[in-house]
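Encoded as structure tokens, the following chain is the form predicted alone, with no partner shown.
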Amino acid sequence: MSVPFSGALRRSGGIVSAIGKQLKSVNLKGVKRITVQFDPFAENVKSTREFLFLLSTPKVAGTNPKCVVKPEIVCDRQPANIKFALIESAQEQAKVKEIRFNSDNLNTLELLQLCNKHVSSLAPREEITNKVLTKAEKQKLAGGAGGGKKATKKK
């Protein structure tokens, strides 16, 4: 009699693939301003700086081009924090004006997970727009006029 197998069939992709997976689902449409404040001489500031870099990547910045990402570098030994100022519709939904993360003891993956959980979920839903019809679909809707081969001219 053998012992039944339990567990994963393969190893996970690691921390880099987990960060990439979380980064794909970041949506900043509910945010109008992001302020990242940190002391560059503090011990636990690397993850906050990496998070700031990831927020400025073209794919994340493209989710809301009007969102302003502002780094505030201070030298007063304050703990690092990230502040998300929300748009009006997100403020009504969350019943808060801003969301703050104390990022001093969090790693980059945890910051992205918190961002997806609390900020990306507040993004307003997109309304479905009219579908763009191709030329062939327009002809089918018009009753098939002009469909088929063109007649050749006889001389």
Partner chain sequence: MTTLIQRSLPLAKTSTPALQFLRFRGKINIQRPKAPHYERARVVAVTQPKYPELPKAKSCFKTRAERTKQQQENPYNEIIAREVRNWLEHSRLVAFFHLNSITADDIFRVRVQLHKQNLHLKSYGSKIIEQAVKNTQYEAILPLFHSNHCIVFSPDTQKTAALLRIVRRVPQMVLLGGIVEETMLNRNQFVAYAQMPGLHAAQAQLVQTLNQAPGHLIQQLQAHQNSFVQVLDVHAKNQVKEETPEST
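Because the structure is a prediction, the values reported are computed rather than measured. Numbering follows the first chain given and starts at 1.
Omitted here: the form predicted together with the partner chain. The next part is about that form.
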Close approach of Asp104 to the partner chain in the predicted complex, 4.5 Å, heavy atom: no
Exercise: Lys97 in contact with the partner chain in the predicted complex, heavy atom 4.5 Å: no
Heavy atom of Pro124 within 4.5 Å of the partner chain in the predicted complex: no
4.5 Å heavy atom contact, Pro65 and the partner chain in the predicted complex: no
Which of 85 to 93, 23 to 31, 42 to 50, 110 to 118 sits within 4.5 Å of the partner chain in the predicted complex, heavy atom basis: 42 to 50
Members of 58 to 76 lying within 4.5 angstroms of the partner chain, judged by heavy atom, in the predicted complex: Pro58, Pro71, Ile73, Cys75
